[in-house]
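Both blocks below hold the same protein chain, though in two forms, and each is given as structure tokens: structure 1 and structure 2.
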Structure 1
Amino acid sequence: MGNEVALRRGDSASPRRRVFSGRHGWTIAAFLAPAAVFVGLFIYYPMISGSQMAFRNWNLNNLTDTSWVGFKNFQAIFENPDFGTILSNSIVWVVASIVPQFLIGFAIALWLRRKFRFRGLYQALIFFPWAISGFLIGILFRWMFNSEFGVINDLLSKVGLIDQPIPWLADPSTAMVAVIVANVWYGVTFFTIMILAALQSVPDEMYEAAALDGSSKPRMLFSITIPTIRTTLALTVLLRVIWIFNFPDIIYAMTGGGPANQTQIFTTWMVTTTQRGDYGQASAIGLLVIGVLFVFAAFYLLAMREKKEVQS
């Protein structure tokens, strides 16, 4: 108690003997300061400063005129003839990537829950896509999907599925399939890790009791496993939707958004716009992305909460 009083008086006596209760304003501030300085200066400051660029004429080709232009950059986005394509591509990219990632990741996690020989080794091996950058994954798959020397066409023709090589990345109708295959390959690991982690919180007794009652396996899955880990499942899906929506690396490396904008999503559009030097417009796309994700996250969390209330 003495220390608390001393601190309130502004005395610098350290609260050495009061470890986690009482007032620790200075300790908290001092320990958080380095993180706050770095994150504030190199993430939040540029982000906020970048956001105001969205309302300015900010073009590297003409830096003398950086006047306010209001919503002109946003108007240009909506009036872009490719806007509709980019919007539907973004949705397809997210949905078609996340569904197989989730299902495969869930299945693997369920199977890895039970111990078997070499499980540790297996786990380490299937985690490896996560150690590679999205950009390199794009490069790897660009090579494998190559129409002439790509291994995918070669394998498909060996098993007799195709008799003509498919120009995967050059054909507008197949390019999206190819980038999504690469993304699924990459993303399963994350779901496996998260679901595997969550499964460790399901007590064995629940399954044992259910088994005594004669419940079937699928029944246990839907009435024990999924309800118990639903918070993690919901959060993992939310994080992944945000992340996949925000993730230009694989597409950038595989197709650069082409052919004919057929794999262009909002973030690759932002990359190409930035590379053109049109920071104003790129920032406007960025703000739009943040806005869309914010609205999505809000509705999603709301829907999840309501469902929970109904259940309980």
Structure 2
Amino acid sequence: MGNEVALRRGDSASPRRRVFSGRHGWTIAAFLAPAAVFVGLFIYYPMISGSQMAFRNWNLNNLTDTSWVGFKNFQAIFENPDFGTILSNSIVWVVASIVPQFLIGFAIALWLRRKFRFRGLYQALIFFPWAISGFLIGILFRWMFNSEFGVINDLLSKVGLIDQPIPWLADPSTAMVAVIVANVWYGVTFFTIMILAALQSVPDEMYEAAALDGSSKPRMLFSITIPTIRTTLALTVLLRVIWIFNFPDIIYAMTGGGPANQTQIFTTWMVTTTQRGDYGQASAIGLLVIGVLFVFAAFYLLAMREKKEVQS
């Protein structure tokens, strides 16, 4: 008798399962349709349309012949005498940008983790550059590195480091340095935001226990902080590598890839090729960039999977 009462109570307490009908499916599809159409129209259609251009003779200077040419556009890219320079520039652009961004961003994040007066104001000032357009930052730094009116030459001259103005953006030996300095300034904010968020997950009890054991600050950094947030650090670096490799804004605004292609990277090369009207070769360059980004994206997804396994 008691079991029957319990069973009745259990039946009445259990929630009623909804039957998924075709009407529910059509309702969900109706809500998702605008987003699906938007993504397909403005993302996937241009990608597919641009991809087929890479295998055709698609030049605005001669639209009477848009025949299929196979891998001819890719062959022209690899046989271009500037290909080696652009490849090395792209590697230098990524590596020389990301190392200072990571180190400076890490140091600022450690500093902002401490409690001090006006910390919120300092955070807002440091995070502000990330909200500015990359192209606008390129224009600002182009004026700052101007050989005649730029503030960089003025400061260096006042402290006695130079006797005459340096043509930063016109000299092939200094142009890459100038654009990397601008990119480092811009990207430090991203690392600061991500690392500071990761540092909030490190329990204070771990530092207190290490302090009782007599551990120094550097030892806490390498024994507690970095091991605890290493997955987030790896994800942040991989994500930033993808963005920097695919980020022509600053270079295009400051030098346009010059002088003599000394600041030309793959994405700026794609933009300049498009402006010449050769959409076929520009699309081929774009496909090469996508291929490289897929490799980094695969590493990124593997790191994300490891992070989920650690958290679970």
Partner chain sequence: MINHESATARTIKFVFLGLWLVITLFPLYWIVITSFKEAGAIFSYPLTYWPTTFSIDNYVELFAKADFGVYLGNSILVSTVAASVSTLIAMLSAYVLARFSFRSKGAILMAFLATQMIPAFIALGPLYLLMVNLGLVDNKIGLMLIYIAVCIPFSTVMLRGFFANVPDALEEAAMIDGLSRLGALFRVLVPVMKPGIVAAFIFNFVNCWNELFLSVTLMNRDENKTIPTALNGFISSFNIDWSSMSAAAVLTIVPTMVLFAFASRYIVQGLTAGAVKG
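Each form is matched to the other, and the largest set of C-alpha atoms that superpose within 1.5 Å is called the rigid core. These figures come from a predicted structure and were not determined experimentally. When a residue number appears, read it as a position in the sequence of structure 1, where counting begins at 1.
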**Request:** Structure 1 or 2, which would you say is the form predicted alone?
**Result:** 2
**Message:** Once the core is aligned, does Ala260 move its Cα by at least 2 Å between structures 1 and 2?
**Reply:** no
**Prompt:** On a core-based superposition, does Ile43 travel 2 Å or more at its Cα between structures 1 and 2?
**Reply:** no
**Request:** Using a superposition on the rigid core, decide whether the Cα position of Ala297 changes by 2 angstroms or more between structures 1 and 2.
**Result:** yes
**Asked** Rigid-core fit: what Cα movement does Ile28 have between structures 1 and 2, in Å to one decimal?
**Response** 6.0
